[in-house]
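Taking the form predicted on its own, here's one chain by itself in structure tokens.
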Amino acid sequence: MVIKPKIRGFICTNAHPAGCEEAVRQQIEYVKSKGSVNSPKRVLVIGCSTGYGLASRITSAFGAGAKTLGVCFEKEPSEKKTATAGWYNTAAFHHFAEKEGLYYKTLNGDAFSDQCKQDVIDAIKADMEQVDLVIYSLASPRRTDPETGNVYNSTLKPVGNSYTTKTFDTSKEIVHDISLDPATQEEIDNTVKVMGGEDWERWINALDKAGVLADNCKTTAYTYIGKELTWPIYGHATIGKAKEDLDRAASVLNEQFKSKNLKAYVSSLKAVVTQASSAIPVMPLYISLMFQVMKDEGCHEGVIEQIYGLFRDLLFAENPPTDEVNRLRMDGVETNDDIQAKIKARWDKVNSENFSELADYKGYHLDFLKLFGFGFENVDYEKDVDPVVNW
């Protein structure tokens, strides 16, 4: 079939297999061009198929020659319907890893479930003995608690007070005000259940109990903190409460596994276009403005640049610099006062008429399309392609 993007609201409902392969290839080429990183050689990536998780797997494999075991939850293709982008990304990763003789294995299932954890443990025992690095990079809107069977849904709301701010409607392409009511305590608690540190802790405990967590293992969960413009809907909102719980979990893990010399960090990364960030009010407008400022300043980075820098400079350093709550910070350029002042100056002025002048929505939208394998100049989107791609 000929596959063209089908965009509905803030999501694209299909994906292009050749485009997704090109996206993975370009990330691999970037890592190779920058040289090797001092990463552990047995790596588990929980949430491995898109965004920062995929970049982590690529950096581990092609920057350090690591064996990688990935966990994701993706929909396979049929003859009439494409797979999810993450499915095609993973197939492409397998293809390139195979060509270079790298070990890879991917388990497709619910990472929150105990069964998935057991399947991962069995795979580690069979092929890797133990893991030295655990990347936790899940971005799910809901979670089933494996102990109770209760299903929890996350909520994107401010905490404490109602909040009115600007946003950009990507379907109508207009800047307008949006008002959000504050979250209830139940909504806050549910969001923490889904996006907080509880499942990360369960993973580390399960791996340790099974004897597959190596001494001196490192683990990190990814977060976004942001600054003043995004705090009301991100840092100081329901998502922010969940992210605070990641900090709690990191502290607990470091204390609990001190005898194994485990190092657990939350890594704060810059804002980028992801399937998750596209759904958050304010973020398409903020990211479009931020892209323009950072590109003008020559300091823009995407997903693979951020992760390669994290691996090279911070995550495996003997005593890496951390912030006041022991986070690793890769977002320092975005959040510095000078860059933020320039973004805010544009934020105060922006409206539907001048949006295209002040913001890099073209770059934002292209990054959005590339998430699903569209928008690559060297891919022929008029060509018939088979949507059925197997791992």
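In this text, residue numbers run from 1 along the sequence as written. All figures in this text were calculated on a predicted structure; none of them were measured in a lab.
The same protein also has a form predicted together with a small molecule, omitted here; what follows describes it.
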{"item": "Sole residue of 217, 204, 233, 111 within 4.5 Å of the small molecule in the predicted bound form, by heavy atom", "value": "111"}
{"item": "One residue of 289, 310, 195, 131 in contact with the small molecule, assessed in the predicted bound form (non-hydrogen atom, 4.5 angstroms)", "value": "195"}
{"item": "Interface membership of residue 63, the small molecule in the predicted bound form, 4.5 Å heavy atom rule", "value": "no"}
{"item": "Residue 49, heavy atom within 4.5 angstroms of the small molecule in the predicted bound form", "value": "yes"}
{"item": "Contact test in the predicted bound form: residue 270 vs the small molecule, heavy atoms, 4.5 Å", "value": "yes"}
{"item": "The small molecule contact in the predicted bound form: residue 88, any heavy atom under 4.5 Å", "value": "no"}
{"item": "Heavy atom contact within 4.5 Å of the small molecule in the predicted bound form, the stretch among 345-353, 319-327, 25-33, 40-48", "value": "40-48"}
{"item": "Heavy atom distance at most 4.5 Å to the small molecule in the predicted bound form, all of 171, 285 and 374", "value": "no"}
